[in-house]
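Form predicted on its own, single chain, as structure tokens, below.
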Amino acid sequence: MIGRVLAARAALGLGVVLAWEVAARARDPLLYIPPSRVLPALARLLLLRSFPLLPEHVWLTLREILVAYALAVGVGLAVGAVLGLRPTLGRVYAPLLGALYAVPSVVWYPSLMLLFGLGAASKIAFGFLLGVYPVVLAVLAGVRQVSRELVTVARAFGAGPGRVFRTVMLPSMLSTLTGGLRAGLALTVVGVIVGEVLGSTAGLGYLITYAYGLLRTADYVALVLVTLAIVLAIDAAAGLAERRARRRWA
């Protein structure tokens, strides 16, 4: 069964590449790059010939993602827990959070650039802004679905707040929480990279904009592929962490 799935995926990927090659060769070679030209550009990129400072830009983007996500998780857990454990506050502020979450986040980025400039701070702020909402809403929903009877029993047996959270609340809200954390990570990555594309002086998004602006289309596509590989690696790591958490608390 697994072999058939892998074969189907390989066939689909090969078909996409062949269609891409044929379609690109029939169009303007300056704007439409076939895979046969992307692969040499990707090799030059990985060998640090086209962009010698690529590792520094990649490391900057990863640091921005890490800091933005850490802030999103910390603030999201705290705010979500407060709103979930205090029903009155939850009823007042949860609808406001939902309304803000519905606003296209890109409209906030010009204000963030004015406040923080073109450096890493504005990218971190934008990644945090996108990533914190799913965490807050996931924690809020998770706390609300915890059985109050179980919490009461745990407290009756002398469990403190920390032990109640670890042994009762966390297992009950694990599914919702891990989903929110993973969604928050994905949106944090999107926020940081999009922020670099919209206005930056360094990072992967900056290199993508730089290559595209100079019509170095092959290098542009190669940079996009590298960014895609990094995003997939981050998502795979998040999926592994989620599976381990489920096994531990199941």
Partner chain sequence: MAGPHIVVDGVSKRFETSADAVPALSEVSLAVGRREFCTVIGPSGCGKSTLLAMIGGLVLPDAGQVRIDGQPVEGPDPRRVAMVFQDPALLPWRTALDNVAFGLELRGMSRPERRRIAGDLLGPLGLREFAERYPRELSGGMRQRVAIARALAIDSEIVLMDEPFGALDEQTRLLMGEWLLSIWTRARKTVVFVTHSLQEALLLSTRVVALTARPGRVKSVLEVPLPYPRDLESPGLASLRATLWGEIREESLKTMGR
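Source: prediction; values computed, not measured. Positions refer to the first chain, counted from 1.
Another form, the form predicted together with the partner chain, is not on view; read the next lines as being about it.
Visitor: May I ask whether 150, 158 and 167 all come within 4.5 angstroms of the partner chain in the predicted complex, judged by heavy atoms?
Guide: Yes: 150, 158 and 167 each sit within 4.5 Å of the partner chain in the predicted complex.
Visitor: Mind telling me which stretch in 170-178, 78-86, 122-130, 101-109 gets its heavy atoms within 4.5 Å of the partner chain in the predicted complex?
Guide: This holds for exactly one stretch, 170-178.
Visitor: Might residue 154 be said to contact the partner chain in the predicted complex, defining contact as any heavy atom within 4.5 Å?
Guide: It does: once the partner chain is placed as it appears in the predicted complex, residue 154 has a heavy atom within 4.5 Å of it.
Visitor: So in the predicted complex, does residue 144 come within 4.5 Å of the partner chain, heavy atom to heavy atom?
Guide: No.
Visitor: Would you give me the residues of 12-36 that have any heavy atom within 4.5 Å of the partner chain in the predicted complex, in order from first to last?
Guide: Sequence-ordered list is empty.
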